[in-house]
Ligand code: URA
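Take a look at this single chain, the form predicted on its own, given in structure tokens.
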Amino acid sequence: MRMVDVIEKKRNGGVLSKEEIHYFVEGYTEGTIPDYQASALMMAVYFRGMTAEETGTLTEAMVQSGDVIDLSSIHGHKVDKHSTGGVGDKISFITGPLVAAAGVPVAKMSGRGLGHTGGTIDKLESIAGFNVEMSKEAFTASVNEHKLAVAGQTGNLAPADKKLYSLRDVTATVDSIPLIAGSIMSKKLASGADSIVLDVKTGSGAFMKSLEDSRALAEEMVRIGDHVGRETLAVISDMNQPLGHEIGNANEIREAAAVLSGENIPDLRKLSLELAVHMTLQAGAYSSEEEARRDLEASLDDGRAFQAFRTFVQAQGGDVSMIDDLSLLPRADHEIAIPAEHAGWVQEIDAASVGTAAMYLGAGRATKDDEIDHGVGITLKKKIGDYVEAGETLAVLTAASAAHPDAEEKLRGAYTIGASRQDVPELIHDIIRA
């Protein structure tokens, strides 16, 4: 078999065989297929696409290129949740404890962030002492005892995906639905959960800007899960404005803990419950969606979910006094208010611009070597549909210095204020099942 023949076949619109796809993935991972040939195939896929069978095979090959985590020593049906990314997305810190409080094990491998805010691990490290460097034995024991653990990604998970993603990033082939779907699902499948719920974002702050593209990506990922016999469901949720009011690492932990304590922050509560309902139903914890929703809502209100979060933090070495008293979480010294230039209704908040402003403050990383400042962030005082007077505060930046002109300008430009009231965007657009 020759790589040039595989490239030519896909360039001409052909369907690659299982053998051809495995030949490519294995050869590129081992280094026997050079970057320039892999780039040519990625561009051919970008223009010609892939069938569901091809995408499923590509994903399997990427999973098999490295380690596959064995979670069989964890009792019960293991569920995982993945978000395609967004601004102010602290949903994992709510759904994890919610699902664990229902007795369903959540064994989560997470990474650090590159972009507007830190990743799951960075945010959890806002809590003093929180440890994500766990041995396999400690990780397993913690999930078995407490039903929830989060560890940093270790080992050699889907190395083919890492190589291909780096290549796609510099060859303008990132936004190909089969390649995105294969990239996301290869890591999820290698992480060993029995079933997966996907939170696929759509809108200005999402990777997929249009609902049509978000739906296509969700359908592709659900098909892949079905292809390999892993129950997978996708919720398409809105990212035309940030989730909740807080953006930043400690900021987001603080807001998630508030929701777990029963505070009703509508979009966070609604989306967290929706995802937790499907996760617990996949595990067979409830007999119906109505029963699941009723008990999970009660868990937020009666303290069970918060207690599960507190136990999880303590089990991984975190200082629980910071959870009991949220004012102890890191907070930068300076507050900068962004006033409205004129009165009117908030019609739009460009989520991507808000995220960029947070990164300018130091909440995220422009390069992988950047240091995260856990105490900086943004608090949105007004969201879409709110009325604001001239001079009234739209948002507050919490910063390490008294002035931060780049972040201020970016955040000010994120808001569109007009004379007419704008309806709040629908939060949940669709549910995609196999």
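Just count from 1 along the sequence shown to find any residue number. Being a predicted model, the structure only gives us computed values, none of them experimental.
One more form of this protein, predicted together with uracil (URA), exists but is not displayed; see below.
- Taking Ser183, Ser204, Gln347, Ser110 one by one, only a single residue has any non-hydrogen atom within 4.5 Å of uracil (URA) in the model of the complex, and it is Ser183.
- The listed set Lys78, Arg254, His278, Arg168 contains one residue whose heavy atoms approach uracil (URA) in the model of the complex to within 4.5 Å, identified as Arg168.
- Contact between Lys187 and uracil (URA) in the model of the complex is found at the 4.5 Å heavy atom cutoff.
- Proximity of Leu179 to uracil (URA) in the model of the complex: non-hydrogen atoms within 4.5 Å are present.
- The candidate stretches are 160 to 168, 268 to 276, 121 to 129, 360 to 368, and the one lying within 4.5 Å of uracil (URA) in the model of the complex by heavy atoms is 160 to 168.
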